[in-house]
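Included below are structure tokens for two forms of one protein chain, each presented in isolation as structure 1 and structure 2.
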Structure 1
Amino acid sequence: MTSKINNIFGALAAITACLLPTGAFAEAGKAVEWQLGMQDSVTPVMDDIVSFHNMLLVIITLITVFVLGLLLTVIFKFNAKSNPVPSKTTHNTLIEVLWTVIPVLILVVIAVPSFRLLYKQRDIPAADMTIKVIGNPQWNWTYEYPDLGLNDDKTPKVTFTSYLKPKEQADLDGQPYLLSTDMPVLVPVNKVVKLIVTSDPEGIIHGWAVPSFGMQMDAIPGRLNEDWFKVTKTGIYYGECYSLCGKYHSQMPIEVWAVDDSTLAKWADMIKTSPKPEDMQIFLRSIKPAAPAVASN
């Protein structure tokens, strides 16, 4: 029943979107120029966000059209020329009840899926993998994978700092500049990934966000925040630091590759050997996943 309702709201939202100025539809994983709408969803949470957005778009459009109709009625029916003898009505119980009850019912309709979505976002399920994300004061991200093995001193064997990929290299690799990185974050597809997000104790507030995942989380010095996602399609997904964190805020991109377990294991083994940067880049090109399929709009 819920899926049918979502399909109905989705269809109505698509019709509503067609009435807006022409623009390009977004793709999964990244934004496009003159984008209309959100990026395609690849996680259960983002699926619910899209459904909620479609429902609100329909409700807002209906309210706007209704209010516009009332305004036009007042303008043309109750002006001095059309209504030379003004009405002396000062009270109407039915109308007053309706304009109180109907908005309350609309808010209830909006609140129920809203609270359900908030609960789903914050109720973190049992994780198949945990990744610690650290925002650095040098405007870059450090990632630690404690589940992929620990050293004798209990530090993760798989850890790296991800830097902005230079424009020349991004163009050569066919990736978007200011979104691609020299070392992507690899996660297993169709598995729950738990993020522990923080910032360097001597740093500032950053924000880790990937639009196609429907998630964002503050990276605050001295505090550990948690979030989660479950990517359902292999592919490359981009995000950015969304907090205005200073001079090089625009140079803190996030690049996530959703891959199968065997590819993830090969990648982890490669990192553990501490390869040269050029060897690592060659290896990454050999395991680079294809772009996710774009949903028809």
Structure 2
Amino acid sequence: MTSKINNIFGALAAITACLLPTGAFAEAGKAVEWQLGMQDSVTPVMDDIVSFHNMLLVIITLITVFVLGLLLTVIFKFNAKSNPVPSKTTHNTLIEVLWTVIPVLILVVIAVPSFRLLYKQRDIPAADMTIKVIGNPQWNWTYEYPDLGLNDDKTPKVTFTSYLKPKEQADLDGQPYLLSTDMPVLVPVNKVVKLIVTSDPEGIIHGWAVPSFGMQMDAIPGRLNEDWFKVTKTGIYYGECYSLCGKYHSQMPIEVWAVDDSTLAKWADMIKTSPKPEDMQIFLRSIKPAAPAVASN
């Protein structure tokens, strides 16, 4: 039933979008110029966010158009010229009850999918892989993969810090500046990845978010926040720091590559050999996933 309603709302939203002059186009992984809506989804959670938002968009558009219609009616019908003698009506119990009860009903209709989505996001399923993300005071992210082997001192063997890719290098690699990093975060495709997000204990708050995953979690010193995603398509997905963290707030990007298991294993082995940075870059080019196709919806 709800999915049917969602389909109807989705269709309405699609129609609305088509009527807009520039059309609603989007990609997964990053924004495109003149984009009107959300980035395309590559996780089950984001699928639900998109369809729920489509429903909300229809509801709020209808409400706004309704209010605008009432205002225009009032302007044209009840101006001093058309209606020289004002009425004295100040009460109408029926209409006052209606404009209280109908909004409540609309809110109930919104609340049902809203709570379902919320619990889907926050009830974290059994993880296939856990990654720890640490926001650093010097505006970069450290990633730790405890599932890919531990050193003798129990620190994860696969640990690295990823930095903003400088503009010249990003242009050379054909990657978007302020989104691409020197060391992408590799995650297995079609697997539940649990993130433990935190920040340097002496540092400041950052926010780890990738729009196409429908995931955002603040990285707060002294707290371990859990979140999860399951990427359903191989590809490159970009995110940024979302929580104001000082002068380089706009310069601590996130670049996630969703890859198959064998690529991930090769990559882990490569990192464990502590390669020179230039060798690592050559290796990364050899396993780089194709850019996600422009979706048709």
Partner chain sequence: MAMAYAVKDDHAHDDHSHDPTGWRRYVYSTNHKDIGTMYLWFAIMAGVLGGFLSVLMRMELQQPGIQIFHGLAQMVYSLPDPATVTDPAKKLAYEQGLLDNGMQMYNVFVTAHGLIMIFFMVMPAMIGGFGNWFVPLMIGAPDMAFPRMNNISFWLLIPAFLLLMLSMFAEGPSGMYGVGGGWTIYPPLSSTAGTPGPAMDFAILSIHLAGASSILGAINFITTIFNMRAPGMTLHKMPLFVWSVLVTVFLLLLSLPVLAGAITMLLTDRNFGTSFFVPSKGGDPLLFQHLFWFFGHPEVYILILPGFGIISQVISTFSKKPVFGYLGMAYAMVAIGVVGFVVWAHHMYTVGLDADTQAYFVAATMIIAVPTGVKIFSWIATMWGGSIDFRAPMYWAIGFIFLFTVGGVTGVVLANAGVDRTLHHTYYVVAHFHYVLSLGAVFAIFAGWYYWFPKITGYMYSERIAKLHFWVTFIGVNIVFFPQHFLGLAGMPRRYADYPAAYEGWNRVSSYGSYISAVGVLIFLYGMVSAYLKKVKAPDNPWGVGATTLEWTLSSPPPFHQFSTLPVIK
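The term rigid core refers to the most C-alpha atoms you can superpose between the two forms while keeping them within 1.5 Å. Computed from a prediction, not measured in an experiment: that's the story for all the values here. Residue numbering: sequential along structure 1, first residue numbered 1.
Between the two displayed forms of this chain, it is structure 1 that matches the form predicted alone.
The listed residues are Pro86, Leu105, Thr90, Ser274, and the one at the hinge between rigid parts moving between structures 1 and 2 turns out to be Leu105. Here the chain moves as two rigid blocks between structures 1 and 2; the smaller block's rotation against the larger, from C-alpha superpositions, is 8°. The two forms line up on their rigid core, and Phe66 then has its Cα shifted by 2.5 Å between structures 1 and 2. At Lys81, the distance the Cα travels between structures 1 and 2 is 4.8 Å after the core is superposed.
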